[in-house]
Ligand code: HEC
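The data below hold one chain only, encoded as structure tokens and taken in the form predicted alone.
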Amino acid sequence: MSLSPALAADLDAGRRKAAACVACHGPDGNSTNPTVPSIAGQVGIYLHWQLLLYRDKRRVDPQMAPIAAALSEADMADLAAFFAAQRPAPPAAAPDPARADTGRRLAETYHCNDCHGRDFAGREYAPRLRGLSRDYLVAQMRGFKARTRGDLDGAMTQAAQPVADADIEPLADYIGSVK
């Protein structure tokens, strides 16, 4: 993928184009639906790639597929830039301290911060995980583990394979609560 569309992104155009997105992702990309990700403050290039994956049917979702199919490269760049520039809402609630400690240890064991960053803010190719809902994180991790959730280069699918099923929920509790 060329970076030129992202560099030429138009935030105002992205704001106008995002009108259709707020029904699911919430105003300025902060979702109140635990099964729909908040995309405010998400890594721009990651958002762009996800739209490409939906458009190219390498990531499947019945709501996103028809929307992404109609997007041009410029549309994707504008939307990614707009949502990346928005302020994410803080996590809804912290898990109990024992569960948070378990999740923190698991995140270290599975090297989650190697790609997603120490504070799970994401970077370049890896999405921001902090503040995403527990339900969404659990569903995505299970999808990667089952190889039913598409990713750009297979890195997350590969990383999810050694994660024990019993570890997914404590990981999601912790990661989604990091401030």
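Residues carry their position along the shown sequence, with the first being 1. All values derive from a computational prediction rather than experimental measurement.
Keep in mind the form predicted together with this ligand is missing from the figure; the text below concerns it.
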query: Residue contact check: Ala13 to this ligand in the predicted bound form, 4.5 Å heavy atom; finding: no
query: This ligand contact at Asn30 in the predicted bound form, heavy atom, 4.5 Å; finding: no
query: Exercise: Val178 in contact with this ligand in the predicted bound form, heavy atom 4.5 Å; finding: no
query: Contact label in the predicted bound form: Ala40 to this ligand, heavy atom within 4.5 Å; finding: no
query: Of Lys57, His111, Arg118, Arg147, the one that lies within 4.5 Å of this ligand in the predicted bound form (heavy atoms); finding: His111
query: Residues in 111 to 134 with any heavy atom within 4.5 Å of this ligand in the predicted bound form; finding: His111, Cys112, Cys115, His116, Tyr125, Ala126, Pro127, Leu129, Leu132
